[in-house]
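First, one chain by itself: the form predicted alone, in structure tokens.
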Amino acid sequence: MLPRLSLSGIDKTYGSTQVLHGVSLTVRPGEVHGLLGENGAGKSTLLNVLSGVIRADGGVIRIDGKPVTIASPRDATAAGIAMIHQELQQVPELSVAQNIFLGGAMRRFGGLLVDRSAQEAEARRLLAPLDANIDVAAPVRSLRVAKRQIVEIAKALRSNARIIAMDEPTSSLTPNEFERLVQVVANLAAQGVSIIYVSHKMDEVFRLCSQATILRDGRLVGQVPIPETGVGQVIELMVGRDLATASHHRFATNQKVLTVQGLARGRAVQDASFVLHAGEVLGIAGLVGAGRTELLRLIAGVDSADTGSVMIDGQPVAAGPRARIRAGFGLVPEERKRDGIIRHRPVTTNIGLPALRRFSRLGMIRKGLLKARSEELMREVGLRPLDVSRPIGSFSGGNQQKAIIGRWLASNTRIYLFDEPTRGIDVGAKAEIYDLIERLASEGRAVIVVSSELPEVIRVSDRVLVMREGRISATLGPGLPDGEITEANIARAAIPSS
């Protein structure tokens, strides 16, 4: 059987930097094929070549054995290739049917008018095997991310796509939504559609994929059969080194730094009380919607509490983000691109935001001092490449996260609030973030980590608060009445009894 897709010797250079070095990839009909590598390994560039966003400098693309030229997205669509981006390419105000037919509306009366009823009927037909419950007349903005992804898949099928590339499709999905995506992918594969699946989550890759191509620094380093390959072997190929499973080192002291008492906001957070110690990493676990992020935002002063108090060293802290920053709080938000950075400004600007007074004289920013301090901090956290003049949005997610952490290091922060610190980050950068959290604790800083990944919560935490329906339902840790920090104990406390 001929491969559905074959890429051979794909090269791409930007200026003096070669980002793809003779990369090859082969995908069979009906195969779910993982494309793996750290951020910056070349995955996105390769997908951009395949989808016609950029043109390769060299190499050959074959579909069903025949060479094709892909110089634009239109060429890719004509060749049967569809791309489902991590940030969905949709018009939120338009309906589901209108989004499915973007760029190729069905028309009547000689093309004078859009045939909306025909579009909606065809949209229902396309969605029927994927999710028949989606209302084709509803605006896309009214749908959850999982259903919006299914709309994108329907759009790909409308254009008769035989190859669908999915870039981090589960970064914002709940476990139940992921299970639905598993069924959709399996159905597509059974129909002979080839899937290229990009994900940093190894459990997903090993659940869905039969083969994987692994890139490192723009080069092909392995093509492996997933069922016959261990997770450790795949990760070692990705990062070029062995990432041994590390254990958390306990640095907690008896010094109370943060006291939260009776904090509440509507039904989202109700009567939250706890103490955080110097050198302690406190995890917060719970289901989506349990109130974890809302609690962190109240502590950081981003949102206003209805009742309750926040104290540092026994002294109340005024409300509002400015007062909390001055008191020593630093928030690393869940939505990194939306809430954590100014994408088009350089790393230096992003680092200096909370502490501009430290880098100013007579109201003027001392750019030389800010750059020197930024370079020092970014060397400390391992920013790659070490270029603080580049726009922060041009860096990978892991490096953006390092820069945000560096921002709070520049502010002499005492209490670090991490919300989903490794979402969308590759395994190598994830290990580096864990090391940074441990280093902060070893230096006597106090750290709170909210995470949806139970292994992550267990890996980094000294104690874990479990939230359920806006309330703290259990406190887990060595010798505590609610039990040790285990997945079973977290799940028991997180899931409502009825």
Partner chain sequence: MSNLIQSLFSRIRFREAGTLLGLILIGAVFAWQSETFLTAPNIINILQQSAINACIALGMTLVIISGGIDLSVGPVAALSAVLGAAMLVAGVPVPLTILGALGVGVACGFVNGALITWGGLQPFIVTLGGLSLYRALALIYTGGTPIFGLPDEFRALTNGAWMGVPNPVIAVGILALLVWVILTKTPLGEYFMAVGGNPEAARIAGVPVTLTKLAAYMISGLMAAVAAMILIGRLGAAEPTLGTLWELDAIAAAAIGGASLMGGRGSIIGTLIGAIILGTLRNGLTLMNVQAFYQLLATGIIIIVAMLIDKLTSGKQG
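Residue numbers count along the first chain shown, from 1. Quick caveat: nothing in here was measured; it's all calculated off a predicted structure.
The next section is about a form of this same protein that is not shown, the form predicted in complex with the partner chain.
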| item | value |
| --- | --- |
| Among 311 to 319, 182 to 190, 227 to 235, 349 to 357, the region lying within 4.5 Å of the partner chain in the model of the complex by heavy atom distance | 349 to 357 |
| 4.5 angstroms heavy atom contact with the partner chain in the model of the complex for residue 364 | yes |
| Distance check, residue 337 to the partner chain in the model of the complex, heavy atom within 4.5 Å | yes |
| Partner proximity in the model of the complex: residue 377 to the partner chain, non-hydrogen atom cutoff 4.5 Å | no |
| The partner chain contact at residue 165 in the model of the complex, heavy atom, 4.5 Å | no |
| Position in contact with the partner chain when the complex is considered in the model of the complex, options 91, 71, 342, 132, heavy atoms within 4.5 Å | 342 |
| Heavy atom within 4.5 Å of the partner chain in the model of the complex - the one residue of 239, 105, 78, 302 that qualifies | 302 |
| Residues within 4.5 Å of the partner chain in the model of the complex, restricted to 373 to 408 and counted by heavy atom | 407, 408 |
